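The chain that follows stands alone, in the form predicted alone, written as structure tokens.
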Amino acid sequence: MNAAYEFVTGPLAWLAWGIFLLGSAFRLASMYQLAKAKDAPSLAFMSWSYSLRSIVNWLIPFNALGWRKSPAMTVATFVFHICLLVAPIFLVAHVMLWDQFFGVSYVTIPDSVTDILTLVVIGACLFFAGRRFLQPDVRYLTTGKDWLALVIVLAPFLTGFLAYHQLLDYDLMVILHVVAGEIMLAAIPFTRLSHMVFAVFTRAYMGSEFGGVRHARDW
């Protein structure tokens, strides 16, 4: 079991980070080339001010019309993304790994708080799943790719929760937790999770078009 743990936290972790970084760079370069080939004029009206204006306004809960139309979804989305980022970044065990491998250490949050954030992420995933089942228009648009992305996000948090509380075999859950996290990291550039990388560019494009061309707000 120790050999398996060393493998998933060593070579496999490096592979996951490599796929994430190189894959993200490749996808961004591909998007730029595609935009340049098919819609070159759009690059001319890209604006820092309109881009930032759009990004900031969409980051404010209930500020955009789309957020106000679906309050429950808005709350779930914002809480989900905050917990999704805060829990793994500031978890004591994760910071210890950064310190062990790279000599990087920073402030952490108590495990009890991380535990609550993990439950929030799991609950939000269940909410999103229920919405895809129960809301007709969302169910119609849902594909296997959407379910895959949801499972990929849920897996590391569920296995981490089970490992922390030792509800099943601890060693196995820890290894599954690490592998699930690495799968999520490697999958980001190539699945629905790619919005983690591309959302800021999409928002910048929309903000620039609406602000510089249509002279209107995009929120």
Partner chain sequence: MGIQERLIEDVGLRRGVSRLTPEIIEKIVNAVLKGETGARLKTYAETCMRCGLCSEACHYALSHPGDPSYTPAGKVHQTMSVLLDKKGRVDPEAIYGIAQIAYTECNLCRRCVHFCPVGIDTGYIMSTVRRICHKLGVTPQYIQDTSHSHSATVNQMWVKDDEWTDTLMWQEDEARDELPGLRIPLDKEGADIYYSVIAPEPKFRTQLIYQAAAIMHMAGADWTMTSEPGWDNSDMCMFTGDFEMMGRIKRVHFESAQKLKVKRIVMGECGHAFRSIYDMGNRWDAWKMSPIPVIHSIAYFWELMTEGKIKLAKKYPGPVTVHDPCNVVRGRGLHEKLRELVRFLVDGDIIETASNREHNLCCTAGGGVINCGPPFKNVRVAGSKAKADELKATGVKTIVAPCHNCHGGLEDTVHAYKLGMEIKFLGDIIYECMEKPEV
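Values in this document were obtained by computation on a predicted structure and should not be read as measured data. Residue numbers count along the first chain shown, from 1.
Below, we refer to the form predicted in complex with its partner chain, which is not included among the displayed structures.
Colleague: Which one of these stretches, 117 to 125, 68 to 76, 87 to 95, 104 to 112, sits within 4.5 Å of its partner chain in the predicted complex when only heavy atoms are counted?
Modeller: Every other range fails; the passing one is 68 to 76.
Colleague: Please pick, from 167, 172, 56, 34, the one residue with any non-hydrogen atom lying within 4.5 angstroms of its partner chain in the predicted complex.
Modeller: Among 167, 172, 56, 34, a heavy atom within 4.5 Å of its partner chain in the predicted complex occurs only for 34.
Colleague: Give me the residue from 48, 62, 45, 26 that has a heavy atom within 4.5 Å of its partner chain in the predicted complex.
Modeller: Comparing distances to its partner chain in the predicted complex, the residue within 4.5 Å is 45.
Colleague: Looking at the partner-bound form in the predicted complex, is residue 206 within 4.5 Å of its partner chain by any heavy atom?
Modeller: Residue 206: yes, in contact with its partner chain in the predicted complex.
Colleague: Is residue 189 one of the residues lying within 4.5 Å of its partner chain in the predicted complex, judged by heavy atom distances?
Modeller: Residue 189 belongs to the contact set for its partner chain.
Colleague: Does residue 213 reach its partner chain in the predicted complex, with heavy atoms at most 4.5 Å apart?
Modeller: Answer yes; at least one heavy atom of residue 213 falls within 4.5 Å of its partner chain in the predicted complex.
Colleague: If we define contact as a non-hydrogen atom of the residue within 4.5 angstroms of the partner, is residue 159 a contact of its partner chain in the predicted complex?
Modeller: Although its partner chain is absent here, residue 159 would stay clear of it in the predicted complex, with no heavy atoms inside 4.5 Å.
Colleague: With its partner chain taken in the predicted complex, which residues across 140 to 161 come within 4.5 angstroms through any non-hydrogen atom?
Modeller: Result: 140, 141, 143, 146.
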